[in-house]
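Next up: a single chain in structure tokens, the form predicted alone.
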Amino acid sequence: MMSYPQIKTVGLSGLLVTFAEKMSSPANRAALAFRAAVVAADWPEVRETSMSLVSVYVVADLVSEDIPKLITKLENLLSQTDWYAAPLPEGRRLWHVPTVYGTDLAPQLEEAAELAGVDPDTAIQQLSTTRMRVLTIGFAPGQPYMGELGENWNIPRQQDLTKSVPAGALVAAIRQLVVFTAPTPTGWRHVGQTAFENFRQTADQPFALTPGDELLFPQVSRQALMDIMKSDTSGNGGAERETLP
């Protein structure tokens, strides 16, 4: 049985620190907190960092740098605290993103609700009131993976792909939600529709969300979302945000 955390090389481009074999909230917390600590350490040999659901990628030139020394630094940092219970990084925000559930805009709500063992109204109540944390950003530019919903939302992906869902689509599978940043084929079920754009190519900060941010998806009417689409050119899709303590 493998023990964690583990440090492994990634070709000649860096080191990967992994906190678990598969996704769990404590392992994601560990990755978030440890990445923030590496950034705060500001080691000269580290060019940049990124993270997946349960791992932190530390970019360094493994040819020219003293890699055993960097590994020792990482090991020492790992030994300083229980990262699985560490406080989440400061500066996180809570976003309230207006969302239409079901209707022709999100036609797979009923199917997803049935798989989750609830009626559509209960599904909307659960989806709209569960605070979701950005676990990581990936697959496409700015695309946030958020978790975790309750156990009953551990629903599988579809056997076949939906040909395309629009940008802003809120989709569900495996206790997670994703807001798509562009029209995309997907095996996840389309349960809600937002006007939120997390990839803003020409902005100084092209991703509005960062891992560790939290989101709520309150229900609004179809007309309310249409009004937001007409009036909000910020990319926020009518979302309000607050800084988390």
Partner chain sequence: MSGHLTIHAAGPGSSVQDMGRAGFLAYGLTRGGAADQMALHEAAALLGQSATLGAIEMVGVGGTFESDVDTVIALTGAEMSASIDGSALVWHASHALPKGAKLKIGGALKGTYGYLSVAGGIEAPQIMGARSTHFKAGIGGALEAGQSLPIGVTPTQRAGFVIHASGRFAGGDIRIVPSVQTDQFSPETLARFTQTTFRRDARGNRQGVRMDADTDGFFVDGGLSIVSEVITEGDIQITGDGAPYVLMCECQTTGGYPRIGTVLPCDLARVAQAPVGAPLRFRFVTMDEAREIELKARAEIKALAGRAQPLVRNPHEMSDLLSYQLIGGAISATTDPFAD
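Numbering follows the first chain given and starts at 1. Bear in mind that the values here come from a model prediction, so they are computed numbers and not experimental data.
Another form exists, predicted in complex with the partner chain; not displayed. Remarks below refer to it.
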| property | result |
| --- | --- |
| Any non-hydrogen atom of H190 within 4.5 angstroms of the partner chain in the predicted complex | no |
| In the predicted complex, G138 touching the partner chain (heavy atom, 4.5 Å) | yes |
| The partner chain contact at S50 in the predicted complex, heavy atom, 4.5 Å | yes |
| The partner chain contact at L209 in the predicted complex, heavy atom, 4.5 Å | yes |
| All of P98, V165 and R241 with a heavy atom within 4.5 Å of the partner chain in the predicted complex | no |
| Segment assignment from 138 to 146, 73 to 81, 104 to 112, 125 to 133: heavy atom within 4.5 Å of the partner chain in the predicted complex | 138 to 146 |
| The unique member of V54, A195, V46, V178 whose heavy atoms fall within 4.5 Å of the partner chain in the predicted complex | V54 |
| In the predicted complex: members of 157 to 194 within 4.5 Å of the partner chain, any heavy atom | none |
